[in-house]
Structure formats: structure tokens, C-alpha cells
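The chain that follows stands alone, in the form predicted on its own, written as C-alpha cells.
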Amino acid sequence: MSTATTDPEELVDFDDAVLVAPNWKLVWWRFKKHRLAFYSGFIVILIVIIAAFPGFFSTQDPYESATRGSFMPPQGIHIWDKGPAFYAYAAIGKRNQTTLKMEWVVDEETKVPLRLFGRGYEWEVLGLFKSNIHLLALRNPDVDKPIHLLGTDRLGRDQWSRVLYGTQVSLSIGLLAVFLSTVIGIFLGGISGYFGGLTDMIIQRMIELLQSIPPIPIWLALSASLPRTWSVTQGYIAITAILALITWTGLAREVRGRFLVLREEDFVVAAKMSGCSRMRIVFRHMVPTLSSHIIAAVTLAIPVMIINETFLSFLGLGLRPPAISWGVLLQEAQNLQSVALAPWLMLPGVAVIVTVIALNILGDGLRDAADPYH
């Protein structure tokens, strides 16, 4: 029986690497050991890519409606037909003369050939230029009818494309709201913890006042006060601001607590003695020491923002049509009759669940990796 031996030189090299490695590299090494969080990171990256280029992954114009194609069930993709193939079966709709309900049947006699990286409707790439290249497209767009991977809604709009565009809106609201709340929390929390005295008392009383008010009624009241005549862009900015202005208090308290400890550290005292201004000490010397903790806190806050936006839009108090977000799409599922006729209308909820779980696991992994005492 043989025992494994380790070369002492390898141990010395590893120890030396750890001793001289910067903090971000130590965090990365610890993060890679958290396998679940590591793979969740790939899922989050994929979601971000979809949010950046929803037109490339979509198959139809998300705003195009076809009343004759309402409540069409999802169409599957087939890759084998007596050999390698790539197609989908067409769907035939017939009106039930008794119930007047449109009934869809798969037409196995008609195949719709598909192709990768084909041409379709025009979409804007990051608002810079237009393109008509899509990941999945019809081989003969002038002849064949379009396919619907996740079915259609009551207006005949393609659910697959609308879910992808909803990813862009919901995720961007979460990112922007978290960015704004993080800036406010770091600024006010840092000033409160470093200066202390009257400044600290005023900021802390303001935080306690905001935290004492139940958040849901505040969200509902502020969202309901938005004028119905506002455009989609104005509503988007308003909802983002509402979410950011209410959720900064938790991070501000955490930053204040860290600053109360850091302001007595030797490097802060040395910065004072070298003549650095107070704002430079706060934002140049103290804030960077909290960067790992801030990144973890931001990652955990994004799914909360996404759920809040979905919640408000679902109740009709957030974004409103013609805006497309996961909450707006789930409004179609409020009617029990619609869900019974078209259960695929609840699929945007699956997108919310997958995104929130992936972000939470990623945030947990980053928080453990950034913990210097872990």
C-alpha cells in the first residue's frame, strides 16, 4: 500500500503565492471551490447575455399581434426525421362551433424547416445599429408561417420573444435600482460612520424612520401615484427610483458599522497624518476595503429588486403595457380562465424563479469567498 507524498517545494510555492496574492485573487480561489455558486455564475452570465441581445435569441417581433393566432400552444423543435433534420410541425386552428373556442391541432403533414443564424425581423443591437440575424429562424420566411416556442397570448403575440425582452427590462431595473441604492447607501453610511456626532444622528434617525414604515404599502402608494399618462420610459425611470430610494438603508447600516471600526485603524490614522482630506480617506482608503463585501451584498440585492418589480407590475402598479417585463407578462395569468386555456402564460414565472435562485446562490458564494474569517 503506497501513500501519496507532496513535494515540499510545491507547498512552499503555494504558501508564497497565498502570501503575496491580492485580495481579489484570494476571493477568486475561494469562490471556485464553491461549485454550486461557480456554475450558477455561468447561468447568470447566460441570462445577462440574453438581456443584452434579446432580439438575437427571439424568433418574432414581441409587439406584433395576430388575433387569429391567440392562445396557440407551444410548438416543439424536432432534430430527427429518418436522419438528421431541423424542423417544427405547423399548427392548424379551428373554431369550435359550439364553444366558439379556437382549438389548435398539430399538422404532422406540414413541416416548417428551421435554421440557425438565419434572417428575420430587424432589431437594434444595444441601440447602436440594426440587424436581422437571429439564433433560430425560418429557412423560408417568405413562405412558412412563424413558429411559437412558448405559444402565444390572447393577442397572438409570441411568448418566447416577449419573455426574452422581459428579461432585458426586469434585469436592467434590478441592476439600476441596486446601483443607485448602493451608491446612496455607501455615501450616507460612510459619512455617518466616519464623521459621527450630529451627522451620524441625523442620518441614523432618517434610516430608522424609513425602516419603520412597512415597505409594501409605500411601494403601492408611490407606484399608484404615478400618472397613467406617463410614457414607458418615464414609468421605467420612476419604478427604478422608487425601488432604489427605499432599499438603501440596509447597506448604509452595514457600511456605518464597518466604518466605526475602520476609522481607528493604522492606515486611516496614517492617511490623516499625511494630510489627506476626509472625503479622500473615506472613498479612497476606507471604501475599497469593503469592496468584496459590497459586491456580495449587491449580488444578493439584485434578485430582491427583480421580485419587487415583478410584484408591482403583476398588480398593475409597476410597468404598464406596452412595456414588456416579467411582471407585465404575468398579468396575463391573473385570470383563472386564461390560465386554464393557456397554462403556458405562467412560464415567465419560471424565468423569475431560475434567475432569482441563480443570483442568490451566486451571492452566497461571493459572500463566503469574500469573508476574510471564513
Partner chain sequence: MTSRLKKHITGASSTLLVLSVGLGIAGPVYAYQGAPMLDAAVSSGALPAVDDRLPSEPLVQDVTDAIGTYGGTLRRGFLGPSDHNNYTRVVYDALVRHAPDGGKVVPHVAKGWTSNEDFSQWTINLRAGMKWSDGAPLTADDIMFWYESILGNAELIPSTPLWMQNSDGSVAKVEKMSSTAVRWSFDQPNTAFLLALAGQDGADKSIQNLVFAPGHYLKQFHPDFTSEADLDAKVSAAGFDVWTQLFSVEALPHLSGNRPSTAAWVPANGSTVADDTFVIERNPYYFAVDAKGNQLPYIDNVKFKFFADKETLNLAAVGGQIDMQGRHLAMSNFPVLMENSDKGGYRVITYPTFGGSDAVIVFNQTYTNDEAIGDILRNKDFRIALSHSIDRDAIKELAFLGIGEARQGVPAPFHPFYPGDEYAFKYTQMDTTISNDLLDGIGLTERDGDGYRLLPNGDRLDIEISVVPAFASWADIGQLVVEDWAEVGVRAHIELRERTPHFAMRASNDLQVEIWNEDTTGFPFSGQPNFDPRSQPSLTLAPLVGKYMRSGGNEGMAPTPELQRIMDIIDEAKLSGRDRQVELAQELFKIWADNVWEIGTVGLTPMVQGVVVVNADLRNVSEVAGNDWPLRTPGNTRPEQFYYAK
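Residue numbers count along the first chain shown, from 1. Note that the structure is predicted; figures quoted are calculated from it, not measured.
There is also a form predicted together with its partner chain; it is not shown, and the following applies to it.
- None of the heavy atoms of Asn140 is located within 4.5 Å of its partner chain in the model of the complex.
- In the model of the complex, its partner chain sits within 4.5 Å of a heavy atom of Pro321.
- Although the partner is absent here, Leu155 lies within 4.5 Å of its partner chain in the model of the complex, judged by heavy atoms.
- Shown alone here, Ala66 lies within 4.5 Å of its partner chain in the model of the complex, counting heavy atoms only.
- Residue in contact with its partner chain in the model of the complex (any heavy atom within 4.5 Å), chosen from Val48, Leu341, Ile307, Leu347: Leu341.
- Comment: its partner chain is not present in this chain, but in the model of the complex one of Leu100, Met279, Leu198, Ile213 has a heavy atom within 4.5 Å of it, namely Leu100.
- With its partner chain left out of view, the stretch that reaches within 4.5 Å of it through heavy atoms in the model of the complex is, among 50-58, 332-340, 35-43, 22-30, 332-340.
- Using a 4.5 Å cut-off on any heavy atom, none of the residues of 243-281 reaches its partner chain in the model of the complex.
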